[in-house]
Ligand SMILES: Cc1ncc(COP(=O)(O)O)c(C=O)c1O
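Taking the form predicted alone, here's one chain by itself in structure tokens.
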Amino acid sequence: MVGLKNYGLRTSKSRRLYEKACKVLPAGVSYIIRHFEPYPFYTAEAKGSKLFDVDGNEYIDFWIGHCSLILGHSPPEIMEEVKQQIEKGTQYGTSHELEIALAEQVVGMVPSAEMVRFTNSGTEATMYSIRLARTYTGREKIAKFEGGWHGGYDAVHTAVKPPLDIPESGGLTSGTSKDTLALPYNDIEEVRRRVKNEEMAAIIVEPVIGAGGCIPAEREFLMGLREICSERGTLLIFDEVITGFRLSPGGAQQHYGILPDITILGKILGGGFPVGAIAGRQEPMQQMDALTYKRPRFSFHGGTFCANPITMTAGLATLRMLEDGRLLNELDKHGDYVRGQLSDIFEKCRVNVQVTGVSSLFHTHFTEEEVKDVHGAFRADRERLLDYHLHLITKGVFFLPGKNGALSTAHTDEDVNRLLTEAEAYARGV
């Protein structure tokens, strides 16, 4: 492929760094999804909507920090607040006002949130929320959805991608997933049938499946889950690590008008720093109060860097910029435009694609089949998707190959038009 040859000529320093990395990092990376052939480029700096690699190449970034940087890289308003906090301390190990302020901000924005606990990642928030649900209900079984990604926690590290019966990792004992039921996404009648005789602590769902193809849930599907959980005394958990503060100031639950019992948050909440959070109704959340509930009736949560003051500062500044909805409304319009234009470009060039997503999230599937779940996403031509993304990378437009795209407020009309121009060039050459 000519483009890959050009990539190699432009990224010689990255190639040498990758060779060094392979000696000290398994696969040469700190997270396997960041690897792509022939080797990943190495970022030296990021600003606004752009990445700059060690060879001096510039990329318009539509991966935008795993979709977490809704204001772009290093937004001045956030960086100024962070610089001031750094002078006051980076890690206290004690309680501080900032954790109260950010918790109050979350409660004020997320419709179902009455109380909050902070973690350092979405994976941690998932782990603690499932433990909380089991403690609160006194039940062990949980349900998740095929194609749903909830981080690396053992109990939900299953049925992420086809073939669904192959474990997602080694080291997962049969006991870790025996109480996890995998259900079909966007098929509420089949869900009803499968859970009919199950006593479950929680059903956890992404309102927009991320790793499984950027597939929005149908509102009737989420409404059905709410009804099932209410009827059966099961906690409904929304994993809003991706959708929180992106689909609306209050996340997907505000967008859809459906309230979960517990919400998992991350990404945008940290303002560019590591974060996770559990937010929910007061009654189940109080089960984490070890002053009220003694072993084994309280649900443990904790961690050295929980509610780190740098993260709290950046998160608070970010949410305050998003809370009135104006920035998000503009992003929604841009997202509609990108999805529509990409669909039109490939249709005009007679290439079968389905562009999925909602708000400022989007994904291109090379298929003529409507994509409503992970099975449809994986029946699409994924080799063609990788080829498309690698073409874009060689043209200075970055998507992590095979993954979703996201817009930030830092993306300009020129950035978007560049994406569309290169997408059309690819489509014409297919």
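Just so it is clear, the model here is predicted, and its values are computed rather than measured. Position 1 is the first residue in the sequence shown; the rest follow in order.
Here the subject shifts to the form predicted in complex with the ligand, a form of this protein not shown in this document.
Partner contact region in the predicted bound form: 116-124, out of 335-343, 116-124, 354-362, 248-256, criterion any non-hydrogen atom within 4.5 Å of the ligand.
The shortest heavy atom separation between residue 206 and the ligand in the predicted bound form is within 4.5 Å. A residue is said to contact a partner when one of its heavy atoms sits within 4.5 Å of a partner heavy atom; residue 201 fails this definition for the ligand in the predicted bound form, lying far away. A residue is said to contact a partner when one of its heavy atoms sits within 4.5 Å of a partner heavy atom; residue 151 meets this definition for the ligand in the predicted bound form.
The closest heavy atom approach of residue 267 to the ligand in the predicted bound form falls within 4.5 Å. With the partner removed from view, the residue among 262, 215, 143, 241 that has a non-hydrogen atom within 4.5 Å of the ligand in the predicted bound form turns out to be 241. With contact defined as any non-hydrogen atom lying within 4.5 angstroms of the ligand in the predicted bound form, the stretch 411-430 contains no contacting residue.
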